[in-house]
Every structure is written in C-alpha cells, then in structure tokens.
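The chain below stands alone, shown as structure tokens; this is the form predicted on its own.
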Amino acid sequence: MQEINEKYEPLIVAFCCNWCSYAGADLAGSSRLSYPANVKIIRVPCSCRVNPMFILKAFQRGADGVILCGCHPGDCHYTTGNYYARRRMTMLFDMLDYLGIERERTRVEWVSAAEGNRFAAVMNDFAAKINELGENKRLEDLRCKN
C-alpha cells in the first residue's frame, strides 16, 4: 500500500447535470455545507452528454478521480438521458478495468436538486476514497504537468 502523503490533494473532476446535480451543489454551497475545494465541477446540460472520452481525457490531464452526477433515474429533465449515461458508464467501467485503472476512481451518483446534504456527503466520501488510493499515474500525460 502506498504511503499517504499529508500534502497530497487529489484532483477530482465532477460532471454535474444542470437540472439536478448542479442545483444540488448550489444548495450545498448556499447551505454552507462543506466539501473539498479540489472538486472541480463541470456543468453539463444532462448526464447523457458526458462522452466516456471526456472521462478518459480528464484522467489523461491529471485527474485522480472522476464522478458523474445526474438526476435520479425516472426524473431526468430530458426523460431518458440518465439511462443512456448509465449504459455508457457501464461500458466505461469495463474499459477502465482493461486499462488497469482502479474502478473506485470513477463513480456515478444520482443527486437531485433538493439533496444538497447528499451532494456534500457524496463528494466528501469520494474525495476520501481518492485520497486513500493516491495519485493516478496510469493514464497520465506528462506533457500536461507544469
């Protein structure tokens, strides 16, 4: 097991759908709930708009963990968008296994606009898990480092 570096802060990319998860993040912020500042949120119109290549590119650019947050199944603003996202992510998990990237580095969560507490808890839990796993070197592109 890798030693935990006290100064190490993982870079986490969160793709959040505009209608539910991003609103949940906004509620968490306005409720003054804390989650790590190293979670970088990217707002997308719907979770189905996240191409699996975006997640691979995030890993290549130095992300240690990537989380996709969308509306609960059945509550998607675009009716079936999150079902498409769920199918794509299942295929991506198989690809990540093939590439040798730990499955725990990628996660899918359904968070509604009224679940600010859940959003903060999910982000805190995911950040703790990524911190435990350590730095991701598997898909790292050294040209992207400073």
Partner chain sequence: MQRIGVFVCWCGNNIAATVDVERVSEILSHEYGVVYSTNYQFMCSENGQQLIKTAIKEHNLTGIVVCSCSPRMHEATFRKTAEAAGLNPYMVEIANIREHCSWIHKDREEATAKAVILGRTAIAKLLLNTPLTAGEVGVTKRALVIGGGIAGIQTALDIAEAGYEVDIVEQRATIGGRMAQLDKTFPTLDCSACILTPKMVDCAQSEKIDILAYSEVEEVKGFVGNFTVKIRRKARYVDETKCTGCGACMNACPSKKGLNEFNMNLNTRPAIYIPFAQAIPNVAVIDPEQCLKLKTGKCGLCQRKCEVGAIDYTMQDTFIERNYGAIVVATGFRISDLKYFNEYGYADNKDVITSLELERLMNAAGPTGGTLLRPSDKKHPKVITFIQCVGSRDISGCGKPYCSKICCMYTAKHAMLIREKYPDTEVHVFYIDIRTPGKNYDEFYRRAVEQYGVDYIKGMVGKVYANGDKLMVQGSDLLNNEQITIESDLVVLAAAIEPEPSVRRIATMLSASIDTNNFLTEAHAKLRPVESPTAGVYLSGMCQGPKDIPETVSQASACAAKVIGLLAKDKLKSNPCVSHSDEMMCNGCGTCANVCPYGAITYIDKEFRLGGGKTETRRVASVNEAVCQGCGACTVACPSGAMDLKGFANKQIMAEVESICKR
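The model shown is predicted, which means the values in this text are computed figures rather than measured ones. Residue numbers count along the first chain shown, from 1.
There is also a form predicted together with its partner chain; it is not shown, and the following applies to it.
Although its partner chain is absent from this view, report whether residue 125 comes within 4.5 Å of it in the model of the complex, heavy atoms only.
-> No, residue 125 stays farther than 4.5 Å from its partner chain in the model of the complex.
Looking in the model of the complex, any heavy atom of residue 83 within 4.5 Å of its partner chain?
-> Residue 83 lies outside the contact set for its partner chain.
Considering only heavy atoms, tell me if residue 117 and its partner chain come within 4.5 Å of each other in the model of the complex.
-> Contact check for residue 117: no, nothing within 4.5 Å of its partner chain in the model of the complex.
Going by a heavy atom distance of 4.5 Å, is residue 107 a contact of its partner chain in the model of the complex?
-> No, no contact at 4.5 Å.
18, 58 and 79 all contacting its partner chain in the model of the complex, non-hydrogen atom within 4.5 Å = Looking in the model of the complex, the three residues 18, 58 and 79 all sit within 4.5 Å of its partner chain (heavy atoms).
In the model of the complex, which of the listed residues (101, 92, 121, 33) lies with a heavy atom within 4.5 Å of its partner chain?
-> Partner contact (heavy atom, 4.5 Å) among the options: 33.
Pull the contact list for 33 to 47: residues with a heavy atom within 4.5 Å of its partner chain in the model of the complex, in sequence order.
-> Result: 33, 34, 35, 36, 37, 39, 40, 41, 42, 43, 44, 45, 46.
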